[in-house]
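A single chain, nothing else alongside it, follows as structure tokens in the form predicted alone.
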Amino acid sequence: MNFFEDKLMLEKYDIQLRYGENPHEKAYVFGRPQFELLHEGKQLSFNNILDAEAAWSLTRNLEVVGGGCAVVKHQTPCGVSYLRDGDTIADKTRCVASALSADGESSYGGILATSFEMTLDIARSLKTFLEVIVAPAFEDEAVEYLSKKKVRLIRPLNYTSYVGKIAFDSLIISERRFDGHPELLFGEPFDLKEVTFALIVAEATRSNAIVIVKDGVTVGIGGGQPSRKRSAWIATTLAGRNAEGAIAASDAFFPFTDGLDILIKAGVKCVVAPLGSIRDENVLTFAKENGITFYSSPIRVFRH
């Protein structure tokens, strides 16, 4: 009897996975996955399901700013964009192209998720290899077109998102929610949608997370580091000149001014982050002295 059968009395679901987290490891599914598999070009793997869930959870949150799309790899966003100019097929096609090109190197072999229907026109516009495409709906013609490729097509069902891990011989589970909008503390106002967008992407990025966005698209993502300063360095390095005049989001408060200093020197002009540090006053004073617009996030958005 294994962990789930012994501890949770869950039955193994009849879905065969290609392999576990690594090819030499087996994988099992307990409980019915809340998605419909429309096409399986290659057998699903353990990683495919986790990446698809990460991409879909991020994309669902983008509905707060009107919808959008995300490319995820290793449960980490590498390119995200939102619909800021309209809601036509052409607008959605451009949105997908922006997400894929935000980090074209990492997008190859990634998971694409959209908050809108995958149409034949959008499907035809895809020029990079993708492991999985996740969307709330697919045109029949799009399924037929994409079924000629090795990509898996997933249509999620309605479900509540949770996160969980096995620790100390038990399963610990947490809610996963994105609530509220950032509040302007000082400085020249920026587009609140864009500020919220940056925070949504930070919520989906491994802690410590720093995300830089500009004109509705991510330009630098730094995450999975034990130091917020290192994440800031990664994000600004990836952003390069695109950091000039951009918005940066932090998934938690800045404990010191060093990470903020890296963002400022790269040209970032607006920052959104939760407060709660004993050094908040020092950090905010430093931001004011450097002419930064600062938004306070109502929530911390750690993702371990």
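Treat the numbers as computed from the prediction; the structure is a model and nothing was measured. From 1 onward, residues are counted along the sequence shown.
The same protein also exists as the form predicted in complex with another copy of the chain; that form is not shown, yet it is the one meant from here on.
J.: Of these, 142 to 150, 162 to 170, 181 to 189, 88 to 96, which stretch puts a heavy atom within 4.5 angstroms of another copy of the chain in the predicted bound form?
T.: Careful reading of the contacts points to 162 to 170.
J.: Taking heavy atoms only, is Q16 within 4.5 angstroms of another copy of the chain in the predicted bound form?
T.: So Q16 does not count as contacting another copy of the chain.
J.: For S101, is any heavy atom within 4.5 Å of another copy of the chain in the predicted bound form, or not?
T.: No, S101 is distant from the partner.
J.: Does another copy of the chain come within 4.5 Å of any heavy atom of F254 in the predicted bound form?
T.: No, F254 is distant from the partner.
J.: Give a yes/no on whether R230 approaches another copy of the chain to within 4.5 Å in the predicted bound form, heavy atoms considered.
T.: Yes, R230 is a contact residue.
J.: Go through A273, L58, A52, L263 and name the one with a heavy atom inside 4.5 Å of another copy of the chain in the predicted bound form.
T.: In short, A52.
J.: Can you list, in sequence order, the residues from 21 to 45 that come within 4.5 Å of another copy of the chain in the predicted bound form, counting heavy atoms only?
T.: If the 4.5 Å heavy-atom criterion is applied to another copy of the chain in the predicted bound form, 21 to 45 yields E21, N22, P23, H24, E25, K26, A27, Y28, V29, F30, G31, R32, P33, Q34, F35.
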